[in-house]
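Let's start with one chain on its own, the form predicted on its own, as structure tokens.
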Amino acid sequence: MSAPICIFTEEQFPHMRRAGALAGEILHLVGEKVRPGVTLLELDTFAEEWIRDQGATPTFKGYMGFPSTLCTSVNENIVHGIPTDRELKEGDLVSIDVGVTVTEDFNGKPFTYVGDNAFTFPCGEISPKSKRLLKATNAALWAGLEVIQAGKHISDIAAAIEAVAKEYRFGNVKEFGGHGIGPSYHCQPFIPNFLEYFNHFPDDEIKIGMVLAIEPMLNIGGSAIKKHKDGWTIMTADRKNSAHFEHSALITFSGVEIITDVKKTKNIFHHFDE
């Protein structure tokens, strides 16, 4: 069960920005190392060392028993993949999800701030279907981000993401979604990527001071999923490729800041043909 909704104060915004920037930076530093022959464990080791060198800690390591710094999910694996000695090969897609925890403010006062983001990286040359999947999932992420503003509702985000999934005719994972971020990492509200959810559950208003992690997961095939025998990895039931993108958004008095978007990723796949 996630913690209640967290509202950060304006004085805390700079610390959330720092956590988000660190998460965004390490995500893309790891992505630069994605190539045929590299192992998932090598990526994980690099990420943990870099995060600790910044005076921060890996959010995921030990969280609910998760053993690693990164979630590394390759091809048909959607989310929560555990890094292993598996070598990446040409044509793979690898979703990398990483959180960074800062445990004190600029004055050394203890508090927990978390940045959380994910990106699906191509390994070498990938298929046209995989290119279209990356473009669509990133577009779904930005569609969700761009409707966020104080006074709107979580359902507005869900509607925007679902519209892109339908436009591209990709499977839209329903069992997992985005979430609020607080000192305990996950907090309410849950942010589904489809509207039907709100036929059964309440629709929270978006408020200043919230940090929302938006994360669509689209599949080339159907929406059905299953859990790997490792107890963590979530994969597509039809074993077709999946992609996962995520940014953390801070709602401030002057607007919405995408605090993890250090590489300006909105149009990063503009060169991919439809």
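From 1 onward, residues are counted along the sequence shown. Just so you know, these numbers come straight off a predicted model, no measurement behind them.
Omitted here: the form predicted together with a small molecule. The next part is about that form.
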{"property": "Contact residue in the predicted bound form, from 168, 185, 194, 190 (heavy atom within 4.5 Å of the small molecule)", "result": "185"}
{"property": "Contact residue in the predicted bound form, chosen from 160, 154, 88, 71 - any heavy atom within 4.5 Å of the small molecule", "result": "71"}
{"property": "Location of the small molecule contact in the predicted bound form, chosen stretch of 46-54, 31-39, 235-243, 61-69 [non-hydrogen atom, 4.5 Å]", "result": "61-69"}
